[in-house]
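Below you'll find only one chain, the form predicted on its own, shown as structure tokens.
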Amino acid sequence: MTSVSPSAPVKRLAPALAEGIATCMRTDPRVVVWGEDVRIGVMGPTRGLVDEFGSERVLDCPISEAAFVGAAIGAAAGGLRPVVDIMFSSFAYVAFDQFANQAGRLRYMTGGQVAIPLVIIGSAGAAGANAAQHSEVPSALFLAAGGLRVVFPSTPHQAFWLTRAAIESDDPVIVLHHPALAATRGSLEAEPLSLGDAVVEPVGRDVSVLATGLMAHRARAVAKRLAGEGMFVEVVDVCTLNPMPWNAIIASVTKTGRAVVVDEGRLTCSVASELAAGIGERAHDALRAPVRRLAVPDVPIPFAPNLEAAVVPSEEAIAAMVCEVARA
């Protein structure tokens, strides 16, 4: 990523998502937005769009995810480029046949004759007593479905450029955003990001930490803290999960020889598991210590704030594991 410049616009993450959508809508009349309360923009990614583009291109839908995601798949097959906000990514469960069997399969099953340029946006992660049905990070579920691209930005710059890349893709793309990062401020630099990119920041030499979403944000805070103690952590923000940015990941791990993978999904069959396995296969000879995973235990996200904080990896937990791996 380019360095912050005085001329670069500063935005919060949620408005950066909206600006990414708006930029595409201004240049491509096929881009339409629909979903749950998108005209109000409850979660932020669609706020203000109806004022610029009108009610014909920004449509509120009944609360039936299976219905409006299915309609969007048909619209995409018919030539539109729908952007669908389901508010919480947990709601994907009630429309998962549409995600996996339809959006993720149709281009393959038609031999490439029918593209599905569809974007699904949903918040992902615990943000303070939203309880189990509104606090999921189901990124591994989307990866396992096959045929779905997945991005999970942690900064406004990532949110803006990856949203644009998602809308411009001819494949269905899931855009996850963490509600705890919605107000995070950052510069929108001119250097774009594409599907398959990662962001390495800060650069370090001692331990690689691979993370997404809020966990990448916390990993950067840990790296800053540990740098003051003489330990230099390299954070690989895996902001694209499919296609996975293996070149950046393996380059970092090969350099440091040590890796900690942090994920806000549940540990079993998680993104952390996939990253750890991929590092083991691709960089085994470079490792000076076993790859360690830090994720949510195999339980639902609790409602009680103290219990929620106990299961989601904290900065303290990340720092402790990094130090343990560094000593190994």
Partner chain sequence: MQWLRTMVRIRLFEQMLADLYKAGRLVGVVHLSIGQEATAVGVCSALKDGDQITSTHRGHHHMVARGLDPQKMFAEILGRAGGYCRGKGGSMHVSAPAQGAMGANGIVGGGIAHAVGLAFAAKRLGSGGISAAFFGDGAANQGVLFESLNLAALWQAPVLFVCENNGYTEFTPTDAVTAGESIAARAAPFGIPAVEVDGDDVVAVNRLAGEATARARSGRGPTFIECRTARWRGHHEGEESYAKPYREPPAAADPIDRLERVLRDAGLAADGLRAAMEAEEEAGLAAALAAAEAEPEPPPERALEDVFA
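Residue numbers count along the first chain shown, from 1. Because the structure is a prediction, the values reported are computed rather than measured.
The form predicted in complex with the partner chain exists for this protein as well; it is not shown, and the discussion that follows is about that form.
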query	finding
Listed residue that, although the partner chain is not shown, lies within 4.5 Å of it in the predicted bound form (heavy atoms), from 184, 130, 187, 242	130
Contact flag, residue 305 vs the partner chain in the predicted bound form, heavy atom cut 4.5 Å	yes
Any non-hydrogen atom of residue 57 within 4.5 angstroms of the partner chain in the predicted bound form	no
Heavy atom of residue 298 within 4.5 Å of the partner chain in the predicted bound form	yes
is_contact(residue 65, the partner chain) in the predicted bound form, heavy atom dist at most 4.5 Å	yes
Region of this chain that lies against the partner chain in the predicted bound form, out of 268-276, 255-263, 286-294, 57-65 [heavy atom, 4.5 Å]	57-65
Stretch 187-223 - residues with a heavy atom within 4.5 Å of the partner chain in the predicted bound form	none
